[in-house]
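There is one chain below, alone, in structure tokens, taken in the form predicted on its own.
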Amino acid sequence: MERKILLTDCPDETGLIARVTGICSRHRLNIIKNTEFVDNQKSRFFMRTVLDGEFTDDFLAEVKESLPESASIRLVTSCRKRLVIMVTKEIHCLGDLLLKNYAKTMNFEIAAVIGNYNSLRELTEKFSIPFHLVSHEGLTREEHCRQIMKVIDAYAPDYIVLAKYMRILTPEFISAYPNRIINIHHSFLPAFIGAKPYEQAYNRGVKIIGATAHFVTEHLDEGPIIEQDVIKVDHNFTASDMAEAGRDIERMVLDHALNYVLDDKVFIYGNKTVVFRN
């Protein structure tokens, strides 16, 4: 017996659920969980089906044949995903991920950590994980990103996580890993894009601050959003207080986003996501 997840994304039309589940039944596959969503504005259908059983070579072809011509389907194995983490100097998101990797409480294994400073080497190596310094000093952004790509490709990760990595990536880098780079942004997008978001928030006198986890695209901080959350602040908070309070929410939002992505609960379409939280 094997457990796999069938991911279906196609134009909506009558009978899609019955068609897919009927094929699963004919192949004697046990449906552990089935979750679906229809975007009525765009008439788009999404479904995540967790299956147990013996999978034959013709199962996926039969599902594909039953769906609209432009359907996208994937049959993935539920397994721990390999991550490469990219960092600069901030410790809180990396520290949280290293602890979860050590305790095996999330569905990933950290293959390596890459930093453009050496600040987090000692912490990383305490967990027996390779740390690679790829300094940006004296290099163009393009040269720097190409050097990072060489390190990443040696580990063949499923996803790259920017755990407070504070440099802008090149279009070449981003296009090499489509829908595989996840960033945690220290504000509530689309507000306060770019540098010093807590100072921007303080200067606007905001009453909430938050964090956003999103996929990285060529448009800075504008990729498909996976998860967001906020906390309340007031006039007593300085910009420094806001930054301190924001660290906890950044860790939490990144954790939740990774849980959804690594458990194959996220569909990307256009610049949006469908996230099956349960």
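Note that this is a predicted model, so its numbers are computed, not measured. For every residue, the number given is its place in the sequence shown, counted from 1.
The discussion below concerns the form predicted together with a further copy of the same chain, not included here.
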Subject >> Selected contact from 77, 105, 140, 175, since only one has a non-hydrogen atom within 4.5 angstroms of a further copy of the same chain in the predicted bound form >> reply: 105
Subject >> Non-hydrogen atom within 4.5 angstroms of a further copy of the same chain in the predicted bound form for each of 11, 158 and 196 >> reply: no
**OP:** Tell me, yes or no, whether residue 66 is in contact with a further copy of the same chain in the predicted bound form, where a contact means a heavy atom of each within 4.5 Å.
**Re:** no
Original post:
residue 206: heavy atom within 4.5 Å of a further copy of the same chain in the predicted bound form?
Top reply: yes
Subject >> Close approach of residue 100 to a further copy of the same chain in the predicted bound form, 4.5 Å, heavy atom >> reply: yes
Original post:
Does a further copy of the same chain come within 4.5 Å of any heavy atom of residue 236 in the predicted bound form?
Top reply: yes
Original post:
Based on heavy atom distances of at most 4.5 Å to a further copy of the same chain in the predicted bound form, which listed stretch, 165-173, 141-149, 126-134, 109-117, is the contact stretch?
Top reply: 126-134
Original post:
in the predicted bound form, which residues of 3-19 put a heavy atom within 4.5 Å of a further copy of the same chain?
Top reply: 14, 15, 17, 18
